[in-house]
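What follows is a single chain, given as structure tokens, in the form predicted on its own.
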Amino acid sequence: MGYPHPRHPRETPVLSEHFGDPAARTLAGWKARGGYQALEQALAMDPVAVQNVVKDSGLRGRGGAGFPAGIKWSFMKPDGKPHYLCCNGDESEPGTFKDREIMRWTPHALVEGVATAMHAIYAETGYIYIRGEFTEPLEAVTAAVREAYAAGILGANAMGTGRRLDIHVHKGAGAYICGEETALMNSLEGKRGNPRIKPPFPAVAGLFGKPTTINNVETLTAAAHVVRRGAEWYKAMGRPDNPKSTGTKLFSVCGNVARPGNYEVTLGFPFKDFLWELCGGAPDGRRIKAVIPGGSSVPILTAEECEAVFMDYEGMAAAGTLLGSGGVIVFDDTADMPRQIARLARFYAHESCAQCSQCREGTAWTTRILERICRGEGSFEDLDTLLEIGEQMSGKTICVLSDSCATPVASGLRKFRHEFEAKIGKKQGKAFVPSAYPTGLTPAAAGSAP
């Protein structure tokens, strides 16, 4: 399978430059494309110098949190303890599939990024944790690690420097919760994938109780480019009036959109241009109704709200949502928003580890109520109950899975309450007086929504 859509002239391919190129998967092909120059440069530098380059570049974590990568690396000190680097390749957030493409098309880029980060944090051992369903990426990354060992890039004498760099590939078992960094570490240790209470934070007591850094696939791959090309090169990409969000970002686009796939643009790219120019808008002459811009756990935007948004951390926050993992889910004007939101809630209820009662009970009851509304058996009181449950779920658990369920429900109710009310009013045979109408939808049409 080649690159899933024609590359648009306004894209800035850095990480995605060799997507669709089978030759880039091999060691020889990757080295011919400049591969492992970053690692060679890093191994010739002091670890603190590598940290500072990444810190100066402004690279932020691409897994969703957006924490500065260089600062995270600087928490690791040469204390004589074993240090570990964990690469989070358990990409399970609905709507997100960009790490998968890095692993399947440019696996050596990831291996190089992991090895570079290991040197920067004084680690001799790194783990690449890959989602269990990712059979092709797992094969590609495993083959790349083997090639790197055979070529002396990894091992007891990495690239002839006397530095030990050992990388292990670990296959997950398909649990969404293992994408949470502490649950990932528990899984690696052979335990049930439950999140841990923090503190202690991983940099103090992480994998096997030792100092550990966890980074996302995209973050580590980008870090190698930063080391190779320099902080100033990376900082030059982004919105000029926002130095807090630099570089490029991969965005996965799916749903009711003309040209789905992965797109790489500079942070700060206008969301309106991205949706309608690069991705072609909604298919078959339909209109976009709503967009989830950063994976299913972030607040929903209406089509009108998307028109003034910049695709960076601050731009999304100003619009009342989050950049998240960069999973862009598009809904056109045929989408039944209550049903779509119920599907998301069902996913989170299924994937809860059940460790926290607010999450275990909250996600389950949220799903039951939403599905009852979708069957036409709900009540108007259910809408307030959903918001109350969401309040009890948010910010009160060990990890943010329960928040991830509550967030799209709350934003969906706030912006599409008329669709929920239509289902309830229709079943009860009551006159439907909607809270608001979406643009272009008449009261008669709204009252007869399915």
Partner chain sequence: MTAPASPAAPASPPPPPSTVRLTIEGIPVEVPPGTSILEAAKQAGVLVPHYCYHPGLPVAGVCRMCLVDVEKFPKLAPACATAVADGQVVHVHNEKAKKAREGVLEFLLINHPLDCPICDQAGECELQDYTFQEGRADSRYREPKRFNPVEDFGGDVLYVPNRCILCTRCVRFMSDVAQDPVLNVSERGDRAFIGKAEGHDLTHAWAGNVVDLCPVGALLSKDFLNKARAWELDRSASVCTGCSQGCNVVLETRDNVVVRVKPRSNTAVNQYYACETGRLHYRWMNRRDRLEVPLVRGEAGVLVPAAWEQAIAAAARTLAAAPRLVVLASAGLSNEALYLLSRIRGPGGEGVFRVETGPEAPLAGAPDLALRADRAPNGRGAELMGFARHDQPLAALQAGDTLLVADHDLAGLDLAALDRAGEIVVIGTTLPGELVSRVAVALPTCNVAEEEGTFTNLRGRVQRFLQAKAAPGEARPTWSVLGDVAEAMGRGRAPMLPADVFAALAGDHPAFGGLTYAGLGLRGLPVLDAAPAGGTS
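Numbering follows the first chain given and starts at 1. Everything numeric here is computed off the predicted structure, so don't read it as measured data.
What comes next is about the form predicted in complex with the partner chain, which does not appear here.
- Among heavy atoms of G395, some come within 4.5 Å of the partner chain in the model of the complex.
- Using a 4.5 angstroms threshold between heavy atoms, V409 stays clear of the partner chain in the model of the complex.
- Under a 4.5 angstroms non-hydrogen atom cutoff, the partner chain in the model of the complex lacks A150 among its neighbouring residues.
- Contact between G362 and the partner chain in the model of the complex is found at the 4.5 Å heavy atom cutoff.
- Of the candidate stretches 234-242, 220-228, 353-361, 305-313, only 353-361 has residues whose heavy atoms lie within 4.5 Å of the partner chain in the model of the complex.
- Out of the listed residues L59, I389, V50, L39, I389 is the one that sits within 4.5 Å of the partner chain in the model of the complex by at least one heavy atom.
- Interface residue among A349, I121, V141, I214, judged by heavy atoms within 4.5 Å of the partner chain in the model of the complex: A349.
- Counting a residue when any of its non-hydrogen atoms is within 4.5 Å of the partner chain in the model of the complex, the hits in 368-387 run R368, I369, R372, T385.
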